[in-house]
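Given as structure tokens, the chain that follows is alone and in the form predicted alone.
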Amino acid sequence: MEIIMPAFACLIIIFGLIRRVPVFEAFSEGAREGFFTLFKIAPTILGLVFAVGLLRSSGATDALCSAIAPVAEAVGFPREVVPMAMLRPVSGSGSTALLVSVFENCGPDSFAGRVASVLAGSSETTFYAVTMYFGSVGVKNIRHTLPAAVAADLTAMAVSAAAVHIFFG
């Protein structure tokens, strides 16, 4: 297993040499373009990270989760998973930490643990992805992308609870 990545890199170099591609120059140019892309999207990513930190430290996310939890529970979505569902569109690592918290508090085979697992696998870090992908190519007008992506995240929430009910009772 440990040889896969070095072997893959060697294959790329050998293939480039066979095709008479200046391998190091091509690598350097790609790295340069990657650096400039990173430089171009860094302010947007920093803004997103700042906004998430601000919402969490101000208690706004806790207040929002407390307000949403009774409604979510009334429609069959477990209260314990609401914070993860709220954070998932914004932060992958943060939502993964909350997934682990659900596992520790409720157990991975509990209803909440199963819903959290299905939700983690069926949803996306929407705001992060839109920020990265659109920011990297310089798109300013995202039109229908964000509403469609948020609708997909809400669908993932509803379907994750329904799927666990159907398959696990």
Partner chain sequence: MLNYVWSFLVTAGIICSIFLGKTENLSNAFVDSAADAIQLLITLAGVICLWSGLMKIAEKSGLNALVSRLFAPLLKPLFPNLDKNGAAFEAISMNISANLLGLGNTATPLGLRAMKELDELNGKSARASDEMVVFVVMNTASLQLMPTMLGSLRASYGSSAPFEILVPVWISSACALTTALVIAVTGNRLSGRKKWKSLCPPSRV
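Residue numbers count along the first chain shown, from 1. Think of the rigid core as the biggest set of C-alphas that the two forms share within 1.5 Å after superposition. Just so it is clear, the structure is predicted and the values come from calculations on it, not from any experiment.
There is another form of this protein, the form predicted in complex with the partner chain, and it is not shown here; the text below is about that form.
S.K.: Test of understanding: in the predicted complex, would A72 fall inside 4.5 Å of the partner chain by heavy atoms?
M.R.: Answer no; every heavy atom of A72 is more than 4.5 Å from the partner chain in the predicted complex.
S.K.: State yes or no: in the predicted complex, is some non-hydrogen atom of L99 no more than 4.5 angstroms from a non-hydrogen atom of the partner chain?
M.R.: Yes, contact at 4.5 Å.
S.K.: Classify V49 as contacting or not contacting the partner chain in the predicted complex by the rule of any non-hydrogen atom within 4.5 angstroms, answering yes or no.
M.R.: V49: yes, in contact with the partner chain in the predicted complex.
S.K.: Given that the partner chain is not shown alongside this chain, does V137 nevertheless sit within 4.5 Å of it in the predicted complex, heavy atom to heavy atom?
M.R.: Contact with the partner chain, yes.
S.K.: Between 115 to 142 and the partner chain in the predicted complex, list the residues on our side with a heavy atom within 4.5 Å.
M.R.: In sequence order, S117, V118, A120, G121, S122, S123, E124, T126, F127, Y128, A129, V130, T131, M132, Y133, F134, S136, V137, G138, V139, K140, N141, I142 come within 4.5 Å of the partner.
S.K.: Does A151 move its CA by 2 angstroms or more between this form and the one not shown when the core is aligned?
M.R.: No, because once the rigid core is superposed, the C-alpha of A151 moves less than 2 Å between this form and the one not shown.
S.K.: After a core superposition, would you say E33 shifts its C-alpha by at least 2 Å between this form and the one not shown?
M.R.: After core superposition, the C-alpha of E33 moves 2 Å or more between this form and the one not shown.
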